[in-house]
Ligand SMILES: Cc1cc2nc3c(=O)[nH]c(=O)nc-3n(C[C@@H](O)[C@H](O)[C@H](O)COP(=O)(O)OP(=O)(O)OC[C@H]3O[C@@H](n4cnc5c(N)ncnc54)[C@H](O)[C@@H]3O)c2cc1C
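Take a look at this single chain in structure tokens; it is the form predicted on its own.
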């Protein structure tokens, strides 16, 4: 008799797709559904800087061909927004009023770009880079050798910065406490890393706060930034790279314990026996530190997807050691982050 399990995965990123792969290997007769708010199949966001120096479109970023999902009977529900999870009834609700029943649920919805309250009013003048569509928009409006102002400079932003500089664009980094996030940088290391960024060709502005961002005058650069020390600069694009917030508002009211992210034990199970979480959306219990911790990066998130899938199908595997998360400068004076490495 075939499996009656319906595994539902919220999120179409690294963790969710890795979980779907292992679920199919371990339970060949089950139903597997991935629910995503996006319009595309799983693609590598780490590769998006290629848009600036290669002639490519969305198909070049897909991790799996379309046939993969057909062959493995993985149903991807695109452009679908989860609004609520009813853990008691084991159902989730979509924005268009459809209900989907699950046997077991994996929340792998990742994180949304963080924007502090003081920048909210300027949000319409900022450009993100977390989606293919957003990256294409930046590519299309940024002139050759144009100027980009980055706010914060988390590791995703710094990855884009190094690619832009190598392609002849100008990059200005306005540092904040989120610079180098999610790396934990000691105060005595920060100056060395800032120096490496300058050696890379990035202009770094420290110790200032943004007072205003305005639309540029006709015939001038598209953006005008004013700082609290009286300095002003012009740019073609202003981009916030200020870290991530777990994207799990739909879990509010589900009864699952939530702090900054979904709280999971070392086997990635939440406080509900049928709900699991993996990736940027969850905080994993660390017995050594006696607290819950986030773990980031392609390799860590991919491993979470595998562990969650195996435990959802009867094993008892626990999260133990994360991939090295240390930021460093190599022998060529290049800033290197393990988060930039993926397979």
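Positions refer to the first chain, counted from 1. Since the model is a prediction, treat every value here as computed from it, not as a measurement.
The same protein also has a form predicted in complex with the ligand, omitted here; what follows describes it.
For the options 235, 171, 156, 105, the one in contact with the ligand in the predicted bound form, meaning a heavy atom within 4.5 Å, is 156. Among heavy atoms of residue 193, none comes within 4.5 Å of the ligand in the predicted bound form. Contact check for residue 51: no non-hydrogen atom falls within 4.5 Å of the ligand in the predicted bound form. Contact check for residue 114: every heavy atom lies farther than 4.5 Å from the ligand in the predicted bound form. In the predicted bound form, none of the heavy atoms of residue 176 sits within 4.5 Å of a heavy atom of the ligand. Of the candidate stretches 292-300, 61-69, 308-316, 25-33, only 292-300 has residues whose heavy atoms lie within 4.5 Å of the ligand in the predicted bound form.
Across the proposed site, 37, 130 and 341 without exception bring a heavy atom within 4.5 Å of the ligand in the predicted bound form. Taking a 4.5 Å heavy atom cutoff to the ligand in the predicted bound form, none of the residues in 258-276 make contact.
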